[in-house]
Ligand SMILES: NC(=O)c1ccc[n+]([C@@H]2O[C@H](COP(=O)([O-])OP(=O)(O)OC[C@H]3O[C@@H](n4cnc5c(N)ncnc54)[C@H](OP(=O)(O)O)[C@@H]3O)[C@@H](O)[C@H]2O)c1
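First comes one chain, alone, set out as structure tokens in the form predicted on its own.
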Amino acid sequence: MAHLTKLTDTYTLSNGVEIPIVGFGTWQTPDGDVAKTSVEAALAAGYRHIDTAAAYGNEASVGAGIKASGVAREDLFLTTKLWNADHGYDAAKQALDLSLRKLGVDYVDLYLIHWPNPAKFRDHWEQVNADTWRALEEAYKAGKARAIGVSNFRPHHLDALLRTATITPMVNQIFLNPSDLQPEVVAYNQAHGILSEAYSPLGTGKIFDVPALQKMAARYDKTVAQLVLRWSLQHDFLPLPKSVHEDRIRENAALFDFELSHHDMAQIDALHGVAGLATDPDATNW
């Protein structure tokens, strides 16, 4: 289990880069003042890991929030992602440069391929992923990304990628919460030295309505969010909670003054399907 003492404790990626064990997510955070002020609030609350994506449409505002926070760039871990329309060698290179300009930075700490099998490339996704990954490897070697990885990849997507890759992805960011542990994907990640990042660690909010979690959280004198985020950390996942409310942002960071028992961890593990399951990346329409 990771050292669980504070937000800025880190996991070490396969290339030696350290990544803070909790990230602040910005999916569905509106562009403009909402995104800017929520990022400022997160950094003020002690987060040093911010996660965004080209598809979120808020990179410029996330960058503005980082700048306004006064936190030094070298003290921050920043992730963004390549959107589906920009797969392919040349398009991926251009997309990363655009993201860097929007974010107002010279490099990101982690750059991810957002989805493995976009509808646009479904009949030749393996070759397109290989070309895309080659662009990410070049960006990594050029210092535009300190680490590179993927998101929503299943084992067969990773197997295909590794046939031509010269660098194994350092991270796989997946839908990961008590409702869907994705054991096959997590086991594959562990076997290949790939960190499992957990997006939607609170099940897009549905997790709050689960009676068993409500009762357990009350027993620990914690919120359901705190309980589930602690569960994620005790599994050595890297959760990416999101909120636009300053009090919740601070609350979601208060995870280090309690520990879940083995019994309670197992009880939470057994909640499969209570708050939705991961989207099948081979059947999406985007």
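Predicted, not measured: the structure shown is a model, and the values here were computed from it. Just count from 1 along the sequence shown to find any residue number.
Only in words, not in the display: the form predicted in complex with the named molecule, which the text now covers.
By the criterion of a heavy atom within 4.5 Å, S179 is excluded from the residues contacting the named molecule in the model of the complex. Proximity of H114 to the named molecule in the model of the complex: non-hydrogen atoms within 4.5 Å are present. Not displayed here, the named molecule is approached by K242 to within 4.5 Å at the level of heavy atoms in the model of the complex. Heavy atoms of T204 reach within 4.5 Å of the named molecule in the model of the complex, making it an interface residue. Residues with any non-hydrogen atom within 4.5 angstroms of the named molecule in the model of the complex fall in just one of 103 to 111, 193 to 201, 161 to 169, 211 to 219: 193 to 201. The listed set T132, S99, N152, N189 contains one residue whose heavy atoms approach the named molecule in the model of the complex to within 4.5 Å, identified as N152.
Of the candidates A35, A225, I66, L255, A225 is the one whose heavy atoms come within 4.5 Å of the named molecule in the model of the complex; the others do not. Contact check for D51, Y56 and K81: all three have a heavy atom within 4.5 Å of the named molecule in the model of the complex. Of the residues in 25 to 40, those that come within 4.5 Å of the named molecule in the model of the complex through at least one heavy atom are, in sequence order, G25, T26, W27.
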